[in-house]
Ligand SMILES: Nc1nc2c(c(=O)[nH]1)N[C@H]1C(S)=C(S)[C@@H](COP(=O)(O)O)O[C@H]1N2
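Here you get one chain, nothing else, as structure tokens; it is the form predicted on its own.
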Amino acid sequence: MSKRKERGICELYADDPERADALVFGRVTDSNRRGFLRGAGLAAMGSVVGATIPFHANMPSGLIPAALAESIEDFEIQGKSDDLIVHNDRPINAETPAHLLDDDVTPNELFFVRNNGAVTQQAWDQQMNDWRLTIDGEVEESLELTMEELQNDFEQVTLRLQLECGGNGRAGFNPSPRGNQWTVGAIGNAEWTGVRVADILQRAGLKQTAVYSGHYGFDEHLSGDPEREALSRGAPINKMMDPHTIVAFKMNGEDIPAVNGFPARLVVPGWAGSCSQKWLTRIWVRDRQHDGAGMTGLSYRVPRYPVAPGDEVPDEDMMVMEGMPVKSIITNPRSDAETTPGRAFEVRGQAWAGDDEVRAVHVSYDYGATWREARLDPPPNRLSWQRWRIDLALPTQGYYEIWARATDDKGRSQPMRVPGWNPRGYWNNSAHRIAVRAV
């Protein structure tokens, strides 16, 4: 007889939320979950989360308490905080726990890592000795720039810019798509110093046939095959000409960390981070949409129409991802914090909206029955995230969940549930929630 597979709480709730209630908290005494949450099930749930649940009547059916849904494992990466959550070691991929994203400028040691290939010591040595950036393709004059020329021949700018992995939030999808199971922390907002890509392209002289870019770095494919690219994505020329799209060589006033793209990288803020090529060596200006590694098939592409979870989608029905959706996170307090009933405390976090601006953030502590608007700071420059904050006082002793929902300047808000499934788990911008106990 085959051994029965043990399932974690997230998988249980993903398969059959109401059945999971019964398995985790005891027998459901009523087909309506409200009955379950009035009897032994409610008592069991309160016991598990460690407190009574004052707003239990508002809890959506099959909702996993945030206190149970979170799990953090600690690993070590050279040059990074031990608190980062490592999803892969070849290539290295690691995210930042939400409570460590409380700084307006994300420190280098806390900035998430998303790599596709590997960089050998031989490649490092060669590039450090003779790094060049090539601009070619649909331009009047091809350029080959040294670091000295890059820094001295063009105006330098310093901007706070958001950089987010396209798969941030992938862990929320069911069935689980292929890829790193990011929760909410594949995002950072650093202070980048570099030169505008627009200035470089204007120096080269764009031809009228220029419509798209193709980006290349000196990282190698994990197979070691020199004929295969680790990653080569691009963006439409109008995005590359945005004054906030830069070739960066400093991150928070220091050399860019090795795993984040030293000595130079693209920063294409507001779009999937894969557009922001690390270890940059070439920008190929093209007369068509780029077709490098990460631009075709299912990679960094989403269906043109809604699909059912688990559906196979033909390649021709997939479109390239562009701007990221509106999103917010709660950075303080840390999930599972304790407070005193009736005593005000500050809830705060960050919000961003891809190419757009956040116009409002609303917060709820009664499972969305009521919402309060938070104070929202303007961004220091376009395409930076924005600080929000609100003072809350929980009315009685018990277990609460604080939910945050941002709305952008086009009126689009974060959904309360995970949005439309797609084969690679991109664009999950469902509202962030944390657990807080009033004791």
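Because the structure is a prediction, the values reported are computed rather than measured. Numbering starts at 1 and runs along the sequence shown.
The same protein also has a form predicted together with the ligand, omitted here; what follows describes it.
Open item on the list: Considering non-hydrogen atoms and a 4.5 Å limit, which listed residue (I200, L159, V259, L206) is close to the ligand in the predicted complex?
Closed with: For this set of options, the contacting one is V259.
Which residue, H290, H87, H244, K278, has a heavy atom that falls within 4.5 Å of the ligand in the predicted complex?
So the residue touching the ligand in the predicted complex, by this definition, is K278.
_Given the stretches 137-145, 235-243, 268-276, 325-333, which is the single one in contact with the ligand in the predicted complex, using a heavy atom cutoff of 4.5 Å?_
Heavy atoms within 4.5 Å of the ligand in the predicted complex occur in 268-276.
| said: Residue-level question: is V358 within 4.5 Å of the ligand in the predicted complex, judged on heavy atoms? | reply: Result no; V358 lies far from the ligand in the predicted complex.
With heavy atoms only and a cut-off of 4.5 Å, decide whether C165 touches the ligand in the predicted complex. Result yes; C165 sits at the interface with the ligand in the predicted complex.
Check your understanding: Is L231 one of the residues lying within 4.5 Å of the ligand in the predicted complex, judged by heavy atom distances?
Key -> Although the ligand is absent here, L231 would touch it in the predicted complex, with heavy atoms inside 4.5 Å.
Does F112 make contact with the ligand in the predicted complex, using a 4.5 Å heavy atom cut-off? Residue-level check for F112: yes, a contact with the ligand.
Please tell me whether the candidate spot formed by E95, N189 and W352 is one where all three residues come within 4.5 Å of the ligand in the predicted complex (heavy atoms). The answer is no: none of the three residues contacts the partner (heavy atom, 4.5 Å cut-off).
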